[in-house]
Ligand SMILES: NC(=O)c1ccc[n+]([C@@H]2O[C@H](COP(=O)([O-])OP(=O)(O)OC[C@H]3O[C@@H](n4cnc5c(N)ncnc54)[C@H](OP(=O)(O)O)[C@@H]3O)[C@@H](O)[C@H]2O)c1
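Only one chain is included here, represented as structure tokens and corresponding to the form predicted alone.
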Amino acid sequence: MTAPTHETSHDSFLGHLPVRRIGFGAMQLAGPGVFGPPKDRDAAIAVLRRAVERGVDHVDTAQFYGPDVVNDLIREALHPYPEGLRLVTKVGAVRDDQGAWLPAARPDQLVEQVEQNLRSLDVEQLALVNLRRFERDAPDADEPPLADQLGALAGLRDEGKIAMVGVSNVTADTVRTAIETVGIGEVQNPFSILDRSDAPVLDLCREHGVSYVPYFPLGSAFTGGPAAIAADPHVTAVAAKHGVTTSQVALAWLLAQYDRLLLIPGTSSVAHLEENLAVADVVLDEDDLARLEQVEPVTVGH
């Protein structure tokens, strides 16, 4: 793995668009299981508005969060949108009446999903649309040809409906193909101090100047999540040194890996939002990073 950079400036790029390094992932604003309405709609609206007040200019969403719920909350809370707010969404799946996630990734379905996002968010252009594939979590699934999917999104880019194409939940081969054929602004894959299995994709992004947006940045149910991070003695030592939480250390470690790595931590709590945004001020030194390299990663099957 290429040696990480240690610059943790607040400013970076989403593709060619300037953004703050810590954005907001809106998925958690829906009900349990990312399905149905939030328990407290007013709280969800308040978190979105506070995020923008604090300078967040990158909001990650999807029509299938809810479904329909989260985009409606974003529109209600933030429209008319402040200049420079980057709205990023993803396509390639739908939900059934019970909340199950179903692939819906034929080119015509992708186009319709982008149109749905444009309507529900009430915008003429989305900053970036990620093609969500199933090749990591269901590698034997029968998916439409990648070239056809990327071509459909590139066509929408040519029409001006999206500024950039991205890919999510994909292998290094898919990332390489997407870079070489249509050009991409972002990769959104799982990566954390506990799960570093995507390091080859992160290296590819570094090599080509593509933004990298980790999901499960604090690990997942498969790695023990924030509790496993909090139990690691190396993380706790660095957290004590800086007077911050173990989760803040884990997020700061991610920022130190690549200057175009962008965080989109999600929450439905204003207090938790403030804690996440404070990570921008946690600067890890060489000793910290050497200590954190001793964290034992968890092997996760994909």
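Note that the structure is predicted; figures quoted are calculated from it, not measured. All residue numbers refer to positions in the sequence shown, first residue = 1.
What follows is about the form predicted in complex with the ligand, which we do not show.
Peer 1: Looking at I162, L218, A105, L121, which is the one with a non-hydrogen atom within 4.5 Å of the ligand in the predicted complex?
Peer 2: Looking at I162, L218, A105, L121 one by one, just L218 meets the 4.5 Å heavy-atom criterion.
Peer 1: Please identify the residue among M27, I45, V244, A256 with any heavy atom within 4.5 Å of the ligand in the predicted complex.
Peer 2: Answer to the contact question: M27.
Peer 1: From the candidate stretches 171 to 179, 195 to 203, 144 to 152, 208 to 216, select the single one in contact with the ligand in the predicted complex, where contact means a heavy atom within 4.5 Å.
Peer 2: Careful reading of the contacts points to 208 to 216.
Peer 1: Although the partner isn't part of this model, could you tell me whether P37 comes within 4.5 Å of the ligand in the predicted complex, counting any heavy atom of the residue?
Peer 2: Residue-level check for P37: no, no contact with the ligand.
Peer 1: With a cut-off of 4.5 Å between heavy atoms, is R86 one of the residues that contacts the ligand in the predicted complex?
Peer 2: R86 lies outside the contact set for the ligand.
Peer 1: At 4.5 Å between heavy atoms, is I264 in contact with the ligand in the predicted complex?
Peer 2: Yes, I264 lies within 4.5 Å of the ligand in the predicted complex.
Peer 1: Test of understanding: in the predicted complex, would N276 fall inside 4.5 Å of the ligand by heavy atoms?
Peer 2: Yes, contact at 4.5 Å.
Peer 1: Decide if the three candidate residues Q188, S268 and H272 all line the ligand in the predicted complex, where lining means a heavy atom within 4.5 Å.
Peer 2: Yes, all three are in contact.
Peer 1: Out of 222 to 236, which residues reach within 4.5 Å of the ligand in the predicted complex, heavy atoms considered?
Peer 2: Residue within 4.5 Å: P226 only.
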